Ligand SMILES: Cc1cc2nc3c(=O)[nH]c(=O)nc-3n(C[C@H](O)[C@H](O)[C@H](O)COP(=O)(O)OP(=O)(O)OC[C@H]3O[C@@H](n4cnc5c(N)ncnc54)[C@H](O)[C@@H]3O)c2cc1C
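Here we start with a single chain on its own, the form predicted alone, put down as structure tokens.
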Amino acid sequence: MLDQSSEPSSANLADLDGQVFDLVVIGAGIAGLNALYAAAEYLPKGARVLLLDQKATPGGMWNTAYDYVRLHQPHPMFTVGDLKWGWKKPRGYLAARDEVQSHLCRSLSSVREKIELQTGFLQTVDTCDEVQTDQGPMAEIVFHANDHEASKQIVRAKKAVHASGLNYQLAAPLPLTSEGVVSIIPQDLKATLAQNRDSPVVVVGGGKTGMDTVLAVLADNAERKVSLIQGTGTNFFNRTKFVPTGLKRWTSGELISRVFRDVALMNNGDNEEEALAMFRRKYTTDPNANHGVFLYGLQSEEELAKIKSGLTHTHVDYLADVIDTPKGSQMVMRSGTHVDVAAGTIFVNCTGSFFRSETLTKDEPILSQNDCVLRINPRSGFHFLTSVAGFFLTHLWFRDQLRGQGYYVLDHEGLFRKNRNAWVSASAAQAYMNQVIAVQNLPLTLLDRCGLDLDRWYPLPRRMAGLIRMKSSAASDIAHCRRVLDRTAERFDVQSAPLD
């Protein structure tokens, strides 16, 4: 069984005001935990480290995710550093929310063996900045208990990682005018279904959350009427074909790094729609459907078949409102179409939880002037996966191999809000280019300890062959990716530049 222990909250955190640490890590989600795990390899034994987070336990968004969410990649490829899951589940098992959160909690036990770790949960960090002191430049962190702003404390550290991760916040129920329907978010789905056994369900949003929700409703009651409002439609990477199981790991599929290279080379900085169409035909579960976006979601062919057979109706449109009329409730679509809905219909807002705030996240550089503060955020992003960013950025930071190596930063949030398909093209180019540069600079033994590497799904001989191919075309591939990123910055007026 998975170790279900969790890190206790720190409501009674001891007075730390004025103390100095070797390292402070802000954020105990997948990004901050990977940063902490990596940093522990370089800090001297017994180094003083402080971990701060707003939530009561480690796990970031997994503490508040809907209870039927599962990973969409095999669980070994979602971890902290190279931490094993400690169970005997099949390799392809997709871990559930509570299993993921528990695994992330376990990572702290490993680092405690190397460093003196103090945790501060239920804490809000006001600022994390580099300051000049009598001992030279240091990181200064100002924080307080979540519900007690007057408890403000200030600590300093030789180094600090501010792992704010992605701009994630829970969605709210859709503000529908009709009084004859029910509007909820995924976190309320199971209880609402139990209270409304015969009510139809309308899932609003065709991304991963929407697909998870359709499957959850059908699993609860296969006879229930379920409709989907999917906008322009979402493409999903074909997990059945490209994350094969059994002997097929030797004979079929493709290294994920090669897929990223292919996606990066499809794009020239001006043709994101054409590049998406090529990707859809080659890599997705539904290549003949003219879906409009791809957001790095994975789906199996079996999941798609269940969804298609279980849906009563699919609307390729956007929901504007639900209103009451003399004939009953009606959905009003953005196109102007009106669609009748039964009384008591349950509307589930599955339109996503990333980059939903009214304002952009504060734009701060990855590195402070004297490299005391490392930031993992969506405005100066190193990789669209903050987990990968936490691992590689921290290793490179402690090795003094970040600046001037050719790595690019990208304003992921700014570009995502302006054009999602351009974001996919640019983020794929950035991810592949930064990976190629890291492979050239870091020892193979370190690269092999990155449990997040999806290439590890394949046997070692295939991975080594892929590594040789990657190095053989490195120069031309890097040059192409730079042109894509430079052109994207020019077209959309977003940051996309070398990390200097």
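In this text, residue numbers run from 1 along the sequence as written. Being a predicted model, the structure only gives us computed values, none of them experimental.
One more form of this protein should be noted, the form predicted in complex with the named molecule, which is absent from this view; the next part is about it.
- The partner is not drawn, yet in the predicted complex one stretch among 273-281, 331-339, 219-227, 121-129 has residues with heavy atoms inside 4.5 Å of the named molecule: 121-129.
- When you look in the predicted complex, the only residue of I154, A343, L360, L71 with a non-hydrogen atom within 4.5 Å of the named molecule is L71.
- Proximity to the named molecule in the predicted complex, defined as a heavy atom within 4.5 Å, singles out one entry of Y407, F237, F416, F78, which is F78.
- A residue is said to contact a partner when one of its heavy atoms sits within 4.5 Å of a partner heavy atom; M61 meets this definition for the named molecule in the predicted complex.
- In the predicted complex, at least one heavy atom of L385 sits within 4.5 Å of the named molecule.
- In the predicted complex, the named molecule stays beyond 4.5 Å of every heavy atom belonging to Y458.
- The named molecule is not drawn, but in the predicted complex it has no heavy atom within 4.5 Å of V161.
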